[in-house]
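The chain below stands alone and is given as structure tokens, in the form predicted alone.
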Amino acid sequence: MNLAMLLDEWRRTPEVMRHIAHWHVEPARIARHRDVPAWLHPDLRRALAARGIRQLYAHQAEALEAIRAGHSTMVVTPTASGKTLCYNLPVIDAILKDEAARALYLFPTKALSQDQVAELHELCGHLPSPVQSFTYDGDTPLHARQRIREAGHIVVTNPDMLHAAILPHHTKWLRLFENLRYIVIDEAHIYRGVFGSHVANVLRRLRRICEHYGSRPAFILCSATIANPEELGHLLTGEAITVVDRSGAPSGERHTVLYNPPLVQPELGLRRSSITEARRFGTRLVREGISTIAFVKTRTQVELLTTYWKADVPERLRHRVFGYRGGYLPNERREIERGLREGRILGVVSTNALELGVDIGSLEAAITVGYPGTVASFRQQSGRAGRRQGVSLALFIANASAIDQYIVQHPEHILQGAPEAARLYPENLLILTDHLKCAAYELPFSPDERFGVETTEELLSYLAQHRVLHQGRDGRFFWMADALPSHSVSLRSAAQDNVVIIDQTEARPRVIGETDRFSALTTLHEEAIYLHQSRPHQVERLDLENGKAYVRQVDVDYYTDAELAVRLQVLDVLDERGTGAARHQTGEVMVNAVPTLFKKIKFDTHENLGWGRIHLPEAELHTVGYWCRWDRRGIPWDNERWETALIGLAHVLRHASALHCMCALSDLHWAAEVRDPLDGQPTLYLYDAYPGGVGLADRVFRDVDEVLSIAREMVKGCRCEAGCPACIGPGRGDEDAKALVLALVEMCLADPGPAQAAAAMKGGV
């Protein structure tokens, strides 16, 4: 049975259609072509013809003309629209016309860089003149690095390698920096938040070094659809950006189906598990021979769903079902990618690791389990299916969360809504200062030099006062220490040092994966069940000091889930408003989190089989938060009701904030205090999940009325009676929970005095 026949069967099945909130069909679109430009080098035109390319898509030709005119350009078109040619053609053309010309390609992941290099080699293989392209990353052998520095026309790397290995040793890269013509940045929408803020500063350092060597390269950026491509491109590169965003590529007929699992307990708003539904739909697709990818949110869910699919499909298909996530070793990931391209793998369950433009061939169906956090991310995931012509399916399976239920009730949000703006904050003081140190190591700073901000000289003087830099007689600032500053600066939000996972099942131990140190606290504590390719391993010992976790395969029917205890301290109040019963504030906070206990949860039924304690050190986070305090003297609630109201509001406010700020839920954390240690008042905290903050909590503070209005709509629009996971989170055992949360929201919006507040509370609850 092909996909079109299966979709027709679903349409005729009342049990399926009853729970489909929306079914959108996007008709096939024909291509818009333009001739290959005559100004391209003749050898390059012949190479394109050898690959069967005699015309370009309209957006490819438009991008080539903008780049030829010397403009830094961003191409913003859907998945599989041929963005790669938009930068490969001008780069190869420049090298064929000038053998000394160089280009630097930046990809966010090793997988993507290796994938694009393979395509580049294929095109260059049809050229009579050699165009040398090399990948320069942590896996590059030492003996090959010298040749790459001297002979590489195109150097393919990632931001981490550029930051830690290329820029600090720029004197070894003389030919590259003197002749650098183009800097290519693929998947530019990935560079947001903390990572994007770091990368923007790395590119400031890169431009500074290029200027030192007398080159002025143009930037070529490619991105999935985002709301602010011009702004993002400018923040990343510091250059004016020309945007090309009208795709000329063809597309097949696409069915986007929004499925809301059936209610199990209507009065509580509890629905059948989205993972259970993904199991049912996914195994049916794989059984029918329809190539399928499912995107889930966590590594544990990858292993769970992979286990379910393998158990449910016929034995002859089990070797064609795989999981894919960060933590697998590179060789294992490459083999899975190759299997997808060649059609050997029929079903794959992934985190967002396969959301990027890695070539995994033509899949027919993409399942998104739970809202991935942004419209752009959802479109990237659904775009993994139907990358060539033919019918394709994008199936969104909602869970019971407030955001997911909002999405199925407002399908236009992800179907017609504008994609999110990619936000980054290069002026984050911690990030900026780190890269000032790195830049000073690379080249001395002159007193009047500006590194992105007008206060550059003040920051340099501060570092000089603390003997990090030395100011010479000519006023220039020099790096003082022997150590490379870049080695202590991680571009990622995770800790720089990873924990290696060692399987001791066999006589000869072997490394099976890795994870960051913060995640290790909740996934690799002793007695945790670590799932790898759906096989359960029990953690026998976690050695954080040496970055190792020792595991052994076990035969169990459960997995583990850890909980964190959070302690929060306000360091500095930066702004505040409100003088009535509710007072809104924002500022710097210190968060201390420690894993406390873990639950054993049975496969399939998800029932709790028991628990155990975790004995690990706490993690510390200095960030920016928003919080609201209430004057409990005018609100006659006992502690239990306050706890119910605060936790319920925290749950829905986090979801509403994520929608408003257009960020992932994991970017924001919350804490609630019935009696805050600072003044004894009930307080709700929402804070950025990144050191130094990335502006999310500050935005919630500035737009708090809008955020609270979204929260109110989420609660009021829910059909439950007393509160449920779809609005205020798991039940607190209080029949008035929903009314309590709504009363608290109204208090924040109206902000009356204590007397009116007391009357509202008595009357409303």
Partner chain sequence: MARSLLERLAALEASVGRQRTTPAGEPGPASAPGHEFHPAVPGAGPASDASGPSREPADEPPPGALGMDGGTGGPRDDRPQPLDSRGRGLALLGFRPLAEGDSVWHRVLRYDLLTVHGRRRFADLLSTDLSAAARALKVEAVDPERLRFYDTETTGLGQGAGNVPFLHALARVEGDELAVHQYFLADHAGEPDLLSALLTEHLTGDALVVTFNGKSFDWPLLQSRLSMWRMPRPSCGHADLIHPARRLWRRHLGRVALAEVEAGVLGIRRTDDLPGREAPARYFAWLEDGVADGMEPVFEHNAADVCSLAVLLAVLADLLAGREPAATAEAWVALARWHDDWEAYDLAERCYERAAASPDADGRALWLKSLFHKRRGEWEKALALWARIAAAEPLAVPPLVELAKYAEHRAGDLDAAARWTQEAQARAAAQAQACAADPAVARRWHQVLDHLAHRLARIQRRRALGG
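Numbering follows the first chain given and starts at 1. Throughout, rigid core stands for the largest set of C-alpha atoms superposing within 1.5 Å between the two forms. Note that the coordinates shown come from a computational prediction; the quantities given were computed from them, not determined experimentally.
The same protein also has a form predicted together with its partner chain, omitted here; what follows describes it.
- Contact with its partner chain in the predicted bound form, judged as any non-hydrogen atom within 4.5 angstroms, is confined among 536-544, 629-637, 241-249, 565-573 to 565-573.
- Residues 254, 303 and 415 are none of them found to lie within 4.5 Å of its partner chain in the predicted bound form, as judged by heavy atom distances.
- The contact with its partner chain in the predicted bound form, taken as any heavy atom within 4.5 Å, belongs to 475 out of 330, 262, 612, 475.
- The contact residue chosen from 554, 144, 480, 500 relative to its partner chain in the predicted bound form is 480, the criterion being a non-hydrogen atom within 4.5 angstroms.
- For the chain shown alone, residue 310 is not a contact residue for its partner chain in the predicted bound form, no non-hydrogen atom being within 4.5 angstroms.
- Put simply, residue 505 is far from its partner chain in the predicted bound form: not one heavy atom of it is within 4.5 Å.
- Under a 4.5 angstroms non-hydrogen atom cutoff, its partner chain in the predicted bound form lacks residue 187 among its neighbouring residues.
- Residue contact with its partner chain in the predicted bound form: residue 437 places a heavy atom within 4.5 Å of it.
- Along 451-473, a non-hydrogen atom within 4.5 Å of its partner chain in the predicted bound form is carried by 455, 458, 459, 462, 463, 466, 467, 468, 470, 471, 472, 473, in order along the sequence.
- In the core-superposed comparison between the shown form and the other one, the C-alpha atom of residue 678 has shifted by at least 2 angstroms.
- Here residue 465 counts as shifted, since its C-alpha moves by at least 2 Å between the shown form and the other one after the core is aligned.
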